[in-house]
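Before any questions on binding or motion, here is one chain by itself as structure tokens, the form predicted alone.
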């Protein structure tokens, strides 16, 4: 099977932060971003924000631009983290705002059907709290699970993936770790709810991404993944493999060992770099990882791991990865 590569369409947008409030480039529409994505070598699919950014665009206009660039759609990410949801989407204290979140995700589900995508991606970045005593933790968690559960039960033909993250924009996000997210999914108890594991979020949360992937796989809930990199102190969304290449290699080794098949997806924010070059650079390294996995001496690695031989196992892994570059 030829490995497919994807990217979040935001990779090809332009960004602002609290210092460069005028942005790191002129604003782009989703159609312009798709045209940029089409210039990336070996890119097959994109994850699209909904509503489409930069103007009023129909599904048909987006589909035509995708077709022109030979791109498909892997997922739709409803924007349930904007100003409207500043106090939360599923966990908002106002039931009217919670209904708005439900309606927006329901619309996104129809867009998933239109494009034949794999999933609705839920990143409820504003769901959580900031201060001690700010919320009733039991009520907050119940709203989180009820919000996802109702959508999943109303749309049993679609997959819903939760992308967890420790913090930002909330100081404490409701779905903040692989373990807590799995607990919530098990509580929901529906087969079409799973995890989208962001490599950088696992790093940032003090997890081992390979261990997080194994845990999600063990529960049958790893529905998707994103890769990027960071310095572990923040969600920097750097180019994949630039800071933690050996941990990225272990992450993909875990996926292959478990016969997990899916798109290798980029979630990067190249603020100051050329977005096409950043995607090409990442995919080139992911191809190196793929070759490294082919070279990995699995029997020798298994024996080293049975002995908990750290240096022996690392030597085997490093030899395979670095000789494949």
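Quick caveat, the model's predicted, so the values are computed rather than measured. Numbering follows the first chain given and starts at 1.
From this point on, the text means the form predicted together with a further copy of the same chain, which you will not see here.
Peer 1: In the model of the complex, which of the listed residues (71, 148, 210, 111) lies with a heavy atom within 4.5 Å of a further copy of the same chain?
Peer 2: Of 71, 148, 210, 111, the residue with a heavy atom within 4.5 Å of a further copy of the same chain in the model of the complex is 210.
Peer 1: State the residue from 255, 104, 239, 97 whose non-hydrogen atoms include one within 4.5 Å of a further copy of the same chain in the model of the complex.
Peer 2: None of the other options qualify; the answer is 239.
Peer 1: So in the model of the complex, does any heavy atom of residue 290 sit within 4.5 Å of a further copy of the same chain?
Peer 2: No, residue 290 sits far enough from a further copy of the same chain in the model of the complex that none of its heavy atoms falls within 4.5 Å.
Peer 1: Since only the chain is shown here, I'm wondering whether residue 199 would be in contact with a further copy of the same chain in the model of the complex (any heavy atom pair within 4.5 Å).
Peer 2: It does not: once a further copy of the same chain is placed as it appears in the model of the complex, residue 199 has no heavy atom within 4.5 Å of it.
Peer 1: Going by a heavy atom distance of 4.5 Å, is residue 134 a contact of a further copy of the same chain in the model of the complex?
Peer 2: Output for residue 134 is yes: heavy atoms within 4.5 Å of a further copy of the same chain.
Peer 1: My question is simply whether residue 28 lines the interface with a further copy of the same chain in the model of the complex - judged by any non-hydrogen atom within 4.5 Å.
Peer 2: Contact check for residue 28: no, nothing within 4.5 Å of a further copy of the same chain in the model of the complex.
Peer 1: Looking at a further copy of the same chain in the model of the complex, is some heavy atom of each of 18, 278 and 318 within 4.5 Å of it?
Peer 2: Spot residues vs a further copy of the same chain: full contact, yes.
Peer 1: Going by heavy atoms, what in 238-260 lies within 4.5 angstroms of a further copy of the same chain in the model of the complex?
Peer 2: Result: 238, 239, 241, 242, 243, 244, 245, 246, 247, 249, 250, 253, 257.
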